[in-house]
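Just one chain follows, in the form predicted on its own, and it is written as structure tokens.
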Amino acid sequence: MRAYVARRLARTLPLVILISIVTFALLHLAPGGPVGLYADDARMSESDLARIRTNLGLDEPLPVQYMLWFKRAFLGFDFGASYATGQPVSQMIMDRLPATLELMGTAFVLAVVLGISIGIASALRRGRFLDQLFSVISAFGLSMPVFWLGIIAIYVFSLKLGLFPSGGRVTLGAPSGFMDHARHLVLPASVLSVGFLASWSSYTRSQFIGAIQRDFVRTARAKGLSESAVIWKHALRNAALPILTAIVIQIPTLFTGAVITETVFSWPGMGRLFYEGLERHDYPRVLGVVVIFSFLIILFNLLGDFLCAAIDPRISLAGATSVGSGREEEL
């Protein structure tokens, strides 16, 4: 286990570095460049812009700039100072990270629990009214853009019904408490989870239908096992591995959805921090968020591998043996 973790972490660092190199180059070669925030100011002369480039170290060749940034970021967790606010980017990220993890974690739990439950219920009632209803809802969830769904949710549940706040994490000027915080979390977490809930419920349905039609399920029923034991112990156990794999694969999309959701609902997380950085040409901020997001995505994929091994002991994390997810369990 330790050797496997060490190998995965050894592959993680080069991947994060490669992502940072590509992002660094694209941002610095984009029109306007890092001084785009100042170039739009009519009061700035060419000499002023040249002095700013020198102060920011932008007069150095691009490889030299990256190496200086790499040394600060990867060895000292120092992503520099924000061009827009002057604050340390590392501190800005640490201040926003808990809000993003809270939003993503809540949306993830909602999508997993409801998606798998709906998928199993649809599979067990295949072709009936409930199955058809869930299929329509899943199609709706898959087709709706996150930003549009967020705007509709604000209009209906906040402006018209007044059930939930339209944005933010707490009510300004009011005593902060658990209920107030939970009310602010409901809409963004629900909107972020809809697309994943629809996708995972559809995939769970298809995998579960395939599992309950396998020979080992018929054999279990022939042995006189109860229907609940057949469903939960045998069918779900064999369908769990591909379902978990599909969930892990979509984790990067969860980060992308968080950027849009946090922007729509003014949620003070890293997604909104990233959007504001792009909008204001604040490239140290953008680079810092990209690096942290990349590391978190790889980390969650690593945790997904551990969960796959926990669900199916036939999978060896050390790579000595491997078993296909479609193999039937022996009864």
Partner chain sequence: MTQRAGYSVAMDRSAALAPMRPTGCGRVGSSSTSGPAVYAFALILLIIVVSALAPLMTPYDRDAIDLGAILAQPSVEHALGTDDLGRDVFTRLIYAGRFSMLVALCAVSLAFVLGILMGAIAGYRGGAADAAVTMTIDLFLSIPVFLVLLVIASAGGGRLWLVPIVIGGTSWMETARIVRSLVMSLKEEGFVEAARSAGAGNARIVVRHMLPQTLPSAIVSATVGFAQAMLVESALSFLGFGVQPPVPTWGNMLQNANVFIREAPVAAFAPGFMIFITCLSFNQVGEGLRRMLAIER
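Numbering follows the first chain given and starts at 1. Everything numeric in this text was worked out from a predicted model, so none of it was measured.
Same protein, other form: the form predicted in complex with the partner chain, not shown, and the subject of what follows.
> Report the residue, out of 236, 229, 144, 101, that has at least one non-hydrogen atom within 4.5 angstroms of the partner chain in the predicted complex.
If I apply the 4.5 Å criterion carefully, the residue I get is 144.
> Counting non-hydrogen atoms within 4.5 angstroms of the partner chain in the predicted complex, say which of 133, 170, 81, 151 makes the cut.
The residue from 133, 170, 81, 151 that makes the contact is 151.
> Tell me, please, which stretch of 104 to 112, 68 to 76, 89 to 97, 135 to 143 lies within 4.5 angstroms of the partner chain in the predicted complex when heavy atoms are compared?
It is the stretch 135 to 143.
> Quick one: is residue 64 in contact with the partner chain in the predicted complex, heavy atoms, 4.5 Å cut-off?
Close contact is absent here: in the predicted complex, residue 64 is far from the partner chain, nothing within 4.5 Å, heavy atoms only.
> Is it the case that residue 50, even though its partner is missing from this view, gets within 4.5 Å of the partner chain in the predicted complex, heavy atoms only?
Residue 50: no contact with the partner chain in the predicted complex.
> Would you please decide whether residue 127 lies within 4.5 angstroms of the partner chain in the predicted complex, comparing each non-hydrogen atom pair?
Flag for residue 127 set to yes.
> Is residue 15 close enough to the partner chain in the predicted complex to count, meaning some heavy atom within 4.5 Å?
So residue 15 counts as contacting the partner chain.
> Decide yes or no: are 54, 190 and 198 jointly within 4.5 Å of the partner chain in the predicted complex, with each residue judged by its heavy atoms?
Checking in the predicted complex: none of 54, 190 and 198 is within 4.5 Å of the partner chain.
> Which residues from 258 to 288 come close to the partner chain in the predicted complex, meaning a heavy atom within 4.5 Å?
Those in contact are 259, 260, 263, 264, 274, 275, 278, 279, 286.
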